[in-house]
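A lone chain, given as structure tokens: the form predicted on its own.
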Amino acid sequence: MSSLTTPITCRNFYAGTWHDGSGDVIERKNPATGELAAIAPRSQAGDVDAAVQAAAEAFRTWRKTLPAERAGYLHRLAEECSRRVDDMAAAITREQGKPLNEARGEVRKFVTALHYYAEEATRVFGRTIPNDVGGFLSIVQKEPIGPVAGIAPWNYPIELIGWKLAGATAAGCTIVIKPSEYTPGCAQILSECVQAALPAGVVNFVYGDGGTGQALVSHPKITKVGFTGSAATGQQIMRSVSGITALSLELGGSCPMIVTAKADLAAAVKGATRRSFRNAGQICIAINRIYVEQPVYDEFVSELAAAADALVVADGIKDPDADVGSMTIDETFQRTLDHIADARKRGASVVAGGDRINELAPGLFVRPTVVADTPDDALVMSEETFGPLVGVAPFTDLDDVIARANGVPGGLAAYVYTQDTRETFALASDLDFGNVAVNNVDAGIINAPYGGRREAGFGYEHGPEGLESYLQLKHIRLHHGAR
């Protein structure tokens, strides 16, 4: 494993080698300790242009590689990354805050995505269409869209790069990735794996802040942008793209969980604890609000509060097995505290947690918090907190709770616990979310499409759809003359 104390120095990577940036640098500090974790360039427009030009040049060759060849390259990249799991995981924990073993799991899921899309590369099929006159045949084939941009967030800084990198390159596209300015070091290690496994220019990295991202998405040679992040930034990207540029936007949202009186209550509590507080609640599919049917409400609240209080919160390097690490950035740390204060002000009861952990200061640690009897107008019930906080409220009518669950701008994921068949299908049908998990809290799997509705974004990652979004169709109408 690489040093856990030496800061990682990041350099832009394009055309198969590393380059210094032309601007100043960004210093990223460990949110658990305040120690310097990484130094990265604040790339300017010229740096971005060089990376895009490298991707455009490489696309001329990469687009014509056989699918089996691309599969081989992606399997090779997966093998390189498998050898660097501990290095990437340590960098993730130092920059992002999640416990080390959880970070290892993230990198392993990234490796799985590479292997999956390596195989999907060989399963891209066109079709033939009969014409209404003899001697003609129409052929529909799929071709890569071109050089693409991948803008990745800080909450899963390697895994979410992987969804874009793997899908795009499997389709025959080249890509320029801008990692989050909060997690550059783990991407630097990934670039070293890329250099060892892939042809020059196929995958490129430019570091920087929002200005860097703006220069990337507005570059005229970028044919598609894949973005995961906040709704505000997603809207800015839509205004910034050059000309007619394809977009995939995954913007999160306020995710509900519904627990009926016919649920396995122990399983529901276990699921709620995991999906509300894993990664300190900093997940776009984290449970923000829970609606529990009145007959089991008090029992559920009591057990969830006890489960939250039992979670171990610690520096993820010092305690790799901790349940919850530090939060990542000041903005969401303060928002979580503000949402707790707002819930209190509106009459909700804090039944677990409720404040920062002063003994772990200056780290950004908040106790896993459950607020009960939370009114629908509380911020935790209507906005995405992105922190270790969940609001709970009772319900008595299924149609009413469906309307409350759907009553938010975005629809990424919803969760249901019930053992009743009618309730299962009613809720699965009527919840207006791109992903609905019933009696489990894993709303996304690599081989099924993953995407949101309304202000949660559009487009899909995961599954064949995560590759198809980097392809475009061509109709070839052939006059062959045979009868």
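Throughout, we count residues from 1 along the sequence that is shown. Fair warning: this is a prediction, and the values are worked out from it, not measured in the lab.
Not pictured, yet referred to below: the form predicted in complex with a small molecule.
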Original post:
With the cut-off set at 4.5 Å between non-hydrogen atoms, does residue 188 touch the small molecule in the predicted complex?
Top reply: no
**OP:** Indicate whether residue 252 is a 4.5 Å heavy atom neighbour of the small molecule in the predicted complex.
**Re:** yes
**OP:** May I ask you to check whether residue 194 falls inside a 4.5 Å heavy atom distance of the small molecule in the predicted complex?
**Re:** no
Original post:
Just to confirm, residue 98 within 4.5 Å of the small molecule in the predicted complex by heavy atoms?
Top reply: no
Subject >> Candidate stretches 114-122, 134-142, 318-326, 233-241 - the one whose heavy atoms come within 4.5 Å of the small molecule in the predicted complex >> reply: 233-241
Subject >> Residue (of 213, 271, 353, 146) lying close to the small molecule in the predicted complex, criterion heavy atoms within 4.5 Å >> reply: 213
Subject >> Residue (of 106, 384, 87, 293) lying close to the small molecule in the predicted complex, criterion heavy atoms within 4.5 Å >> reply: 384
